[in-house]
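Only one chain is shown below, in structure tokens, and it's the form predicted on its own.
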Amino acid sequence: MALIPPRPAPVPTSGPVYWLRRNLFSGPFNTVLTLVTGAVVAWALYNLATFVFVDASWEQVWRNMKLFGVYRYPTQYLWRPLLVAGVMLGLMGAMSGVAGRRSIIGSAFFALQGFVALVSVVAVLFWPSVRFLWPMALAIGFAGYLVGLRWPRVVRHLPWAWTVWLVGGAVLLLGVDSGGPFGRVPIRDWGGFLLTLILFTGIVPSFPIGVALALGRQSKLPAIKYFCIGFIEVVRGAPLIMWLFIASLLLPLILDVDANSLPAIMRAYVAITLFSAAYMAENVRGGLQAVPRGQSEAARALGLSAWQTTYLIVLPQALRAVIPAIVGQAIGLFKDTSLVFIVGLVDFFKVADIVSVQPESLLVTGGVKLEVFLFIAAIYFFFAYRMSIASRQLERRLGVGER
């Protein structure tokens, strides 16, 4: 009786070797392409690392960190913006303690805490003016996380806490009197990354305005419909730079006030908010069109009113479908805030340009432009990439792209 010959071992369908063979070395052409691309990337990374760690002169970057952070905000008041940042981290930590480390807010919190921890180490070593302030912000963040772990019911009061933080933070940054620890700081002295973050918050009011414009564009009332269409098309038909100039020059005329009575930051904030709202409206309109008509018809058949149908049935599905577009717009707006230097505001990008032409910078052979702009590119990338990660986490949680 003949024995059955042994069968060959099954080919593995998982693991790093299988992934490499399937994706990078699946054939002669892909193998050559992988090797050539790998050599080019390795050469580029080697040269970049050599410049960053050997050839670059980072002294001007470290010397001007206050300019990068808050521009001309007085040194004796630096505890105020860092206290505001620390309380924000504390509130995020409380939410993370309740939601868990793997949640969207949890991963964002620990990423920001890692960033603040790195800055705290550098501050302790090199920045005497904020040597204890950055560790203070780090400690407040972890304290908030422990509070969320210990008392989960605190999450019920967090909306009120965020409201108090928003109003109190604005008052604290601005100041309330002419002297003492709460002395007033003119808004014209705000700048750097602080100004970039303030302008970026324009995405928050632009969201409800954009949703209202998208719904108004689908209205059956001609006055509402054509007003929304006109606003969206006019705003989207011109670049953000033009609207920044218009806000700087035309807004005081519309409000019939002296141009000096309206801070330049406020005018730029209005322009950025309305510009973002117009694009947000088109993103939301695309989501509304993606919702099958049968959804609203079924809701009306069940007795829901038009507002209930929109609020409970149509709008949630529409927003779920356009999460990538909304987050992409937020990332774009975060980077587009650098355009405000055109109207005289000194944001994070403009500070880099100022630092690169300082007399001390010009004494360095070859200048420090590359070092300065590599630094701000790394900061922009960190925050933009974190928003991208949060978007992917939200998409997986809501099942975007799945049936």
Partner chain sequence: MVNAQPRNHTAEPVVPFWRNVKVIGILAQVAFVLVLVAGVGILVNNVTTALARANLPADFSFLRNPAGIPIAERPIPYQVTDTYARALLIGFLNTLKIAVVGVALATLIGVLVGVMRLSANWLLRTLATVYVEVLRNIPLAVQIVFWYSAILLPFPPRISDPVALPGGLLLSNVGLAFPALYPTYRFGSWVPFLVAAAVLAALAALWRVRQLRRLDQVGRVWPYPLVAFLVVAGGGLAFSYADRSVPPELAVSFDAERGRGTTTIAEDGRSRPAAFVPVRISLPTATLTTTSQNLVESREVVHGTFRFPLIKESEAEAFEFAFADPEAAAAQGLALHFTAFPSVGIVYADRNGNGELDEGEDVDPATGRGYGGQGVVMTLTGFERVVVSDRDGQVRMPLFKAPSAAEQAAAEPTTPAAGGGRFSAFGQAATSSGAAEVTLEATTELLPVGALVLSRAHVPVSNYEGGMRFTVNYLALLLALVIYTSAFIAEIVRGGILAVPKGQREAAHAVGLSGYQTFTLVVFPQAMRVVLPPMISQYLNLTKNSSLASLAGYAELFVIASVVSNQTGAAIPIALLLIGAYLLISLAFSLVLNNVNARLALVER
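Here, rigid core means the biggest group of C-alpha atoms that superpose within 1.5 Å across both forms. No experiment lies behind these values; they were computed from the predicted model shown. Numbering follows the first chain given and starts at 1.
The protein also exists as the form predicted in complex with its partner chain; that form is not presented, and the subsequent description refers to it.
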The listed residue (R236, R153, R131, R102) that reaches within 4.5 Å of its partner chain in the predicted bound form by any heavy atom is R236
With its partner chain left out of view, choose which of V351, V70, V61, L339 has a non-hydrogen atom within 4.5 angstroms of it in the predicted bound form. L339
Taking its partner chain as it sits in the predicted bound form, is W190 in contact with it (heavy atom to heavy atom, 4.5 Å or less)? no
I'd like to check something about W160: if you look in the predicted bound form, is any of its heavy atoms closer than or equal to 4.5 Å to a heavy atom of its partner chain? no
Does A384 reach its partner chain in the predicted bound form if we count a contact as any heavy atom within 4.5 Å? yes
Would V52 show up as a contact with its partner chain in the predicted bound form if we use heavy atoms at 4.5 Å? no
Using heavy atoms and a 4.5 Å cut-off, decide whether N47, S178 and F182 all contact its partner chain in the predicted bound form. no
To test your reading of this chain, name the stretch in 140-148, 162-170, 104-112, 248-256 whose heavy atoms come within 4.5 Å of its partner chain in the predicted bound form. 248-256
Heavy atom within 4.5 Å of its partner chain in the predicted bound form - qualifying residues of 355-373: T365, G366, G367, K369, L370, E371, F373
Look at G27 and decide if its Cα position differs by 2 Å or more between this form and the one not shown after superposing on the rigid core. yes
Core-aligned C-alpha movement of A318 between this form and the one not shown, 2 Å or more: yes
Against the rigid core, is the Cα displacement of M266 between this form and the one not shown at least 2 Å? no
